[in-house]
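Look below for two forms of one protein chain, each set out as structure tokens: first structure 1, then structure 2.
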Structure 1
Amino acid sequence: MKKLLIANRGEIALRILRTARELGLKTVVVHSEADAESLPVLLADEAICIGPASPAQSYLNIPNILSAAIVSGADAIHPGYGFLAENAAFAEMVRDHGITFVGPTPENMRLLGDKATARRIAREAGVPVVPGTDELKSVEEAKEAARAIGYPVILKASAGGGGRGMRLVHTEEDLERAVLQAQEEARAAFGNPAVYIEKYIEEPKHVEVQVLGDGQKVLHLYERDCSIQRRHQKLLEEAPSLLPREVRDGLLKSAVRLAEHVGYVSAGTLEFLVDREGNYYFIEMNTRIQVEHPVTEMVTGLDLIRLQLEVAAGEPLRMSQEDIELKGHAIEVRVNAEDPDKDFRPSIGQIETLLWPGGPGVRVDSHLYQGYAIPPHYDSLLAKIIAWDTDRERTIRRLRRALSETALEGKGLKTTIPFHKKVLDNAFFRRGAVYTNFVARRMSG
């Protein structure tokens, strides 16, 4: 592997670029017209425009991305997260063109990237799943399943995440409309209208396990608590979780067992819901790097992007499970261009003032620079601010200090920084009483 094409944008493109440079790789960043002045484009060895602002015409444009790889002589492609990262057909086309795809195999994606299929695989591997169905074939089938499972139920898109194609349903009268809405949203977001149904577990914790495989063995890199969400999209993540030791151990073993069951390659994340009694249920696997991977990097000292690149180059994992030590506590907040006082409405503008925090144990992943105009066409994520310290309370104090130092301002621009300060000051959060309804229950009013 000598030249890496980065098929993504924003902070993840910059993150991949930096690790690639440290490994001595040449970098090619593909970009839309709207991202021509973005930091990854400005720093890359080569930059190739692949289309207009619309993701469908640029970052989801497979022929243009493959053409850019061929023209530039790139011998590997890293898709980052989102866009084509979990598209098995894209990964297969990359492989068919003799280019290395940095990520799981197309076969892994087909088995685990589709949520309904992943549930079946989990059952085969002996991993507990939330009561529910495989892909629904009709509204009538949904009604029968919901009656058997018991309300409330939740509809989910088979082909994606991020809260898209997801609907909570409390009564049969609302089910038909919810199925049709979820299917249409899933079609628009992922090009696949398939949905399935699950029992809705009230007030769970959302805990995910980071795994890494090389096709021969799978290791876990411990877990992250991602319970603080709004509309099923994560806002704050921390590692490790505050679960009892026996529950954590069960989660970690189950995650490895499921990934081993399919001979998993590269980085992946298995997501679970944990109820009040400590029962855990597998809900989905993200067959890619995650937005919140820095949390795991901070507590393990590992570079997940480097490990992805090494595995993709055919190198076996040189460490054992015993080599991966968990040290201290880390918390990440997502700084989004959203107005928390107006139900997290998207907010854009040009960056006029920008000052990031620093000091021991503080990390910032961001593609922003002073004068940068935030494009309105993409995800609202602007930055991730991560703090690490020896225990959770110290980490909270350090992160609170870091946020107080941060200045991110622009005409009309609102961000989630004030919201995160309130979370860190919240008594329920500070004692770890955090569930997926935390924002609605503890942060409203």
Structure 2
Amino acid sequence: MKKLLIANRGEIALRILRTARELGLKTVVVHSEADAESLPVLLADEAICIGPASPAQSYLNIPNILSAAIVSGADAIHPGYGFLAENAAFAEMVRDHGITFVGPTPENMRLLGDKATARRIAREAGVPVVPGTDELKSVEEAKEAARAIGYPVILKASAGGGGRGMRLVHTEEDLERAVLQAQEEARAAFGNPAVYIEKYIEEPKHVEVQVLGDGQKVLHLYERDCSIQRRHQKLLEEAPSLLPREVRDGLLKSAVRLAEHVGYVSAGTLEFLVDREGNYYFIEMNTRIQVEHPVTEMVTGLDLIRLQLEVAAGEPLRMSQEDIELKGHAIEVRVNAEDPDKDFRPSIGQIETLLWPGGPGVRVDSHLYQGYAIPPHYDSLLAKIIAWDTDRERTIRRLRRALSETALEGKGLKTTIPFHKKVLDNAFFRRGAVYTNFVARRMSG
């Protein structure tokens, strides 16, 4: 691998660029007209404009991205996260053009991208899933299943994921209409009306396992707790989770078993719910590198993008599971251009004052610079501030100190930093009483 094309923008484009340069790769960054002055564009060896600001005409524009790769002579493409990262057709076209796709195989994506199929494969692999059904064939089947598992139940779209296409149902009277509406919504949103049912797990912890495969073997890089989220947008993530040792061990073993079962290649994340009794259930798999991968890097000392590039270059994973040590505790906060006092509605502005924190065990992943104008066309993530220390208590204190010295201001610009300060000060958070209802229950009002 000599020249890597980065088919993404913002902080993840910069993150990939940094590791690629350390490996001596030439870097090509594709960008929209709106990102012409972005930091990744300024730092890359080559930059190719692939279209106007709108994602459909740029970062989702497969012909233009492939053309940029061919014109620049790139022999590999890293998709980052979001956009085309989990698009099997794109991964296949890249491979068909003799270019290396840095990520899982199209087969991995097709199998695990469908949530009902992923559930079935998990069951086959002996991995615990939430009591529920495969894709529903009739409302009658839904009624029988819901009676068997008990209300409340949750309807999920097979082609959904990340909380999209989910619908909670409390009684049988509501079920028929809910199934028909969920199928309609899924058809409209994903072009696939298939839905399935699961028992609704009340107030779970949301814990995900990082895995890495080379097609022969799969290693886990421990787990992350991402329960602090709002409307399925993660806001704060930490590693390791606060689960008892035996629950964590079960979860990690299950994740490796499922990823091995499908011959998984590259980095991936298996999402689980853990109920109050410590039962864990696989719910879905993300076939991409994730926003929150830095907390895993901080507690393992590994560079996940480098490992992805090495696997993509055909190098077998030399590490054994025993080589991967978990050390200390890491917490990441997502700094979004959103106003927490106005229901997290998007905020834009030009960066006038920018002072990032530093000191031992503090990391900032951000593409911002003084004078940068935040484009309104993309997601609101401005930066991730991550702290590591030898235990959770110390990490909370260090991250809180880091946020207190952070200055990020601009005309009219609001960010989620004040919200994160409150979370880190919150007694329930400090005690680890963190469940998916934390924001609604502990941070509202």
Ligand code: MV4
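These figures come from a predicted structure and were not determined experimentally. Here, rigid core means the biggest group of C-alpha atoms that superpose within 1.5 Å across both forms. Residue 1 is the first residue of structure 1, and the numbers go on in sequence order from there.
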Check your understanding: Where's the form predicted together with the named molecule, in 1 or in 2?
Key -> 2
Review point. Quick one: core overlaid, is residue 329 moving 2 Å or more at the Cα between structures 1 and 2?
Key: no
Review point. Residue 184: CA shift of at least 2 Å between structures 1 and 2 after core fit?
Key: yes
Review point. Against the rigid core, is the Cα displacement of residue 290 between structures 1 and 2 at least 2 Å?
Key: no
Review point. By how many angstrom is the CA atom of residue 152 displaced between structures 1 and 2 after fitting on the core?
Key: 3.3
